[in-house]
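Taking the form predicted on its own, here's one chain by itself in structure tokens.
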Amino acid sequence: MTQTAPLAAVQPENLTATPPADGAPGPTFDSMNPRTGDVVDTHPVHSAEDVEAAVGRAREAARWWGGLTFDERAERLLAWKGVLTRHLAQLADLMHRETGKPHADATMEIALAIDHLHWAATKAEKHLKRRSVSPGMLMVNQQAWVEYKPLGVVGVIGPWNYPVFTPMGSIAYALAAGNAVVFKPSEYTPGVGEWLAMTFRQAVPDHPVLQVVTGLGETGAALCRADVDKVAFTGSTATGKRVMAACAETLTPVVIEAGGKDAVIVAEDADVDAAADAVLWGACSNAGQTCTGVERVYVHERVHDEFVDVLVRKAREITAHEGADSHIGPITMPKQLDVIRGHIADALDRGGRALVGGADAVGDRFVQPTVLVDVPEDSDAVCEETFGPTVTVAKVRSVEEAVDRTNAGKYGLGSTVFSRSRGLEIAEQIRSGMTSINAVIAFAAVPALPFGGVGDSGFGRIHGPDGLREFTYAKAITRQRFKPALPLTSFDRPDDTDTKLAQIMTMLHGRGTLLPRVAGRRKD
């Protein structure tokens, strides 16, 4: 059985394709405003043939784009950055309508994406250009270089929760590395994807270097099979596995940024007020629909009660509603309401208590902040990704216990530590791709840092030098500078060559000792 059906079956429950009328160009679907239920716009459902055609155009564009110098690409990418910046409010309003998130959250998201675009455009040459490397003593007659070449065409499958910042972590870095991109945005935010491509054309009008294909699950499945050179996917772990299976059919490599169940550790020497404020924002911003959002907290027993008191007081001041002044938007994907409701019910049924929110927190579109305590560690609210404005708080006897509980989960995306004196020490013990100390999700805003996880949170990295190199292949080059003392790669080599080689190897490596240290560091 092929993987087409399972991948294509991942459909939004409130979105269906409308068959074309006679003479119409093809099926369409509507993007909806989750606050009001109104139609935002209508978009085409691109077929497998449409996707293949887009990839074909991208293949031609990649030859031109990849042939530019780093400076020439940077000039065009920075021009795009200027367009995005000048029209930031327009994009934020579109995001507000398609996702329901407050304008302030949309603005912040776009600002971070712009900063990452600038970094990728201006740092690509430094991290990807050809550089010389030491050939080593055995190959001293060789000169050696390594450089990072663009793959060609990258397919990006983006999420709806951060429809600009998250896909731009792949799009901007893939473009800066010299690739063309075909972007399939989420079914919930197709207008945002089309807007990004439209503004890019203002900076690069003559070649289809960035294209967008819209549609439901079948369109994403088609992109996985459309002979792209790599697929960058962001979404749930379950869908990530289906993407991997589809890409495996053509041996297409993937970057998977999947789910998370991020923990916060609050040590006994933490700034409790700052920790509680950060936890509330990390759990409830974007209505909790954040892969690196805070979903569980482990607090040292010496500060536990104080932390809970502050968190509860702050949480009671936040409500989600339809008004423009609401700090929290609606749940964008309606079926997620059932997941959130189920996790809260499971926690309460198994002895947990809701200090804020609870069983009645889940409405038709909005979910109120919910703080849960006394929740068993094997409950859904602790083990599975909730993706809503809920958080569990547990008391621990030591930081070591907090680390053990944090690392017990199957996810390993981000994490946070609050401690005045032990932050770095604790952070190094956590099994996650990223950790922030005395702040939440700060790692995502630093362009020079890699973003990605381990375990069920996926693999591969976007952002930073690692993110640039993720969309390249390493090219190694050697050049012989002079003839070797030992002609090893010749059938005409002297009879004593092997003996001399053994003597040299013994001299170089026979002792097996560590290299000498200078000022506490090993020499390279």
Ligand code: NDP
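Owing to the predicted nature of the structure, the values given are computational and were not obtained by experimental measurement. In case it trips you up, residue 1 is the first one in the sequence shown, and so on.
Heads up, the form predicted together with this ligand isn't pictured, but that's what we're talking about next.
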| query | Of these, 324-332, 296-304, 357-365, 238-246, which stretch puts a heavy atom within 4.5 angstroms of this ligand in the model of the complex? | reply | 238-246
| message | Considering non-hydrogen atoms and a 4.5 Å limit, does this ligand approach residue 229 in the model of the complex? | response | no
| said: Contact with this ligand in the model of the complex for residue 224, defined as at least one heavy atom pair within 4.5 Å: yes or no? | reply: yes
| Partner proximity in the model of the complex: residue 187 to this ligand, non-hydrogen atom cutoff 4.5 Å | yes
| Applying a 4.5 Å heavy atom distance criterion, does residue 418 contact this ligand in the model of the complex? | no
| field | Joint contact, 62, 119 and 449 to this ligand in the model of the complex, by non-hydrogen atom at 4.5 Å | value | no
| With this ligand left out of view, which of 166, 436, 211, 285 would have a heavy atom within 4.5 Å of it in the model of the complex? | 166
| message | Under a 4.5 angstroms heavy atom criterion, identify the one residue in 182, 340, 192, 258 near this ligand in the model of the complex. | response | 258
| message | Only counting heavy atoms and a 4.5 Å limit, does any residue of 145-184 reach this ligand in the model of the complex, and if so which ones? | response | 157, 158, 159, 160, 161, 166, 184
